[in-house]
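Presented as structure tokens, the chain that follows is alone, the form predicted alone.
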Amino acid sequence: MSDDATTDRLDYVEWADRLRDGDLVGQECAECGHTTAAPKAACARCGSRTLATVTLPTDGIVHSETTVAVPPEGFAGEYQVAVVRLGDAKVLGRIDGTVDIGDRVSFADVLVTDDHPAPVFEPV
């Protein structure tokens, strides 16, 4: 964590650029230690604006999952997405393969659609 966490503010553009480079980052609150996987202006738990950018673990556990049976325009066929717990943080990502709640997954790739990246996880 940096000494001046408020100047270490992670915004969507930086988060997306780092994800495209294969770097999973989030934010950790200096006040309560809560970690999020996506950029926030304030801590979701305590409201503090003293947040620092942190590197997230690349291995996690499936917290919830669903299968998209009718894909939106631009996507082909059925696919699965999941909320993956990475340490204290949770991130929504695409699943390469099939998983159930509680399965272990690993960060494997990045899917970019309309210039917006999303992490891709695969079963371990």
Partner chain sequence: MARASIVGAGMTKFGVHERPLPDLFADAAFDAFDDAGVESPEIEALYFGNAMGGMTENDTHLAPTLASHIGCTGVPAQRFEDACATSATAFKHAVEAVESGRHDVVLAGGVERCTPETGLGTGAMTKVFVSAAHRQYEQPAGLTFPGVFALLTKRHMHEYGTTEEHLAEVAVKNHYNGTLNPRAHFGRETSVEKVLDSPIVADPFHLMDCCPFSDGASAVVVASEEAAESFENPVDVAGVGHATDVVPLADKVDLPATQAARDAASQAYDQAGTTADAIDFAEIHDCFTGAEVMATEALGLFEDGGGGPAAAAGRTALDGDVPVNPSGGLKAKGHPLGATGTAQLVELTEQLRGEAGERQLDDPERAVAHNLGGDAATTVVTVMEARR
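Small disclaimer: the values here were computed from a predicted structure and weren't measured. Residue numbers count along the first chain shown, from 1.
This protein has a second form, the form predicted together with its partner chain, left out of what is shown; the following refers to that one.
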Discussion item. Contact check in the predicted bound form: 9, 20 and 49 versus its partner chain, with a cutoff of 4.5 Å between any heavy atoms. Do all three pass?
Written reply: no
Fill in: Residue contact check: residue 53 to its partner chain in the predicted bound form, 4.5 Å heavy atom
no
Worksheet item: Is the gap between residue 92 and its partner chain in the predicted bound form 4.5 Å or less for some heavy atom pair?
Response: yes
Item to complete: Give a yes or no for residue 32: in the predicted bound form, does one of its heavy atoms lie within 4.5 Å of a heavy atom belonging to its partner chain?
Response: no
Discussion item. So in the predicted bound form, is its partner chain close enough to residue 97 to count as touching (4.5 Å, heavy atoms)?
Written reply: no
Discussion item. If you apply a 4.5 angstroms heavy atom cut-off, which residues in 62-100 are near its partner chain in the predicted bound form?
Written reply: 63, 64, 65, 66, 67, 68, 69, 70, 71, 72, 73, 75, 79, 81, 82, 83, 90, 91, 92, 93, 94
